[in-house]
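One chain follows as structure tokens, the form predicted on its own.
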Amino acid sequence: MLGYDFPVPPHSDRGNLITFEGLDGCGKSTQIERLAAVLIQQSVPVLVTREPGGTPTGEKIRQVLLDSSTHGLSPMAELALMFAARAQHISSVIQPALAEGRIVLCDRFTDSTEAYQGGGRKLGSDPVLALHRILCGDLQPSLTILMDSDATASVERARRRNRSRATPSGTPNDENRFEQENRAFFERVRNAYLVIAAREPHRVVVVDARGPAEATHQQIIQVVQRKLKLAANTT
């Protein structure tokens, strides 16, 4: 699990779940790290995590889902594995952190499943939303930041990133199973994200992620400041 574990002040109110969504390679990880640093500077208790993953079991499922050597996985099996990892993640990590009053920054959540499996794999939204109600207790983020980007540019960036990474043993970090999909797949994913944003404008804020990382960071900080009523300190 990724994580910053800043001390929680006594008698904290219930925390907030803030999720980051977008295409592979849109810069989510960078922006989550930068936001976490700002929140920690302001003594906000933060936990950073990711999906699929976030727990030992979830990380094993992540390896199956993202490794390019995983062949023949049906869309429904893929959907089931995503929710198996998520249910464990919510139970073991997210809910306890929220109960302690933390701000949980999560790299992907159910919106990703609706976009990638519902849109990209053409399963539709209904099975995704039904499983979320059944397996996840219909837990909803307080805020979702959708980093909108060009499909071709984002995925090429993700492919370069994965080629450049290596595990501690020196072997390539192969998480490019989805990135091997064609442009039409990622256009369906992006369109599904935009449909979610239009359906839930009270929760989802679309941020233009096509420009410099600093410009994207400033957009995100403004959104989070409004949501959490934080001081205007972004350094």
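In case it trips you up, residue 1 is the first one in the sequence shown, and so on. Model, not experiment: these values are computed from the prediction.
Omitted here: the form predicted in complex with thymidine-5'-diphosphate. The next part is about that form.
Of the stretches 137 to 145, 91 to 99, 115 to 123, 67 to 75, only 115 to 123 has residues with a heavy atom within 4.5 Å of thymidine-5'-diphosphate in the predicted bound form. Proximity of Leu131, Ile196 and Arg203 to thymidine-5'-diphosphate in the predicted bound form is absent: no residue of the three has a non-hydrogen atom within 4.5 angstroms. Looking at Gly25, you'd find a heavy atom of it within 4.5 angstroms of thymidine-5'-diphosphate in the predicted bound form.
In the predicted bound form, no heavy atom of Gly58 sits within 4.5 Å of thymidine-5'-diphosphate. At the 4.5 Å threshold, heavy atoms of Arg62 reach thymidine-5'-diphosphate in the predicted bound form. Looking at Met82, you'd find a heavy atom of it within 4.5 angstroms of thymidine-5'-diphosphate in the predicted bound form.
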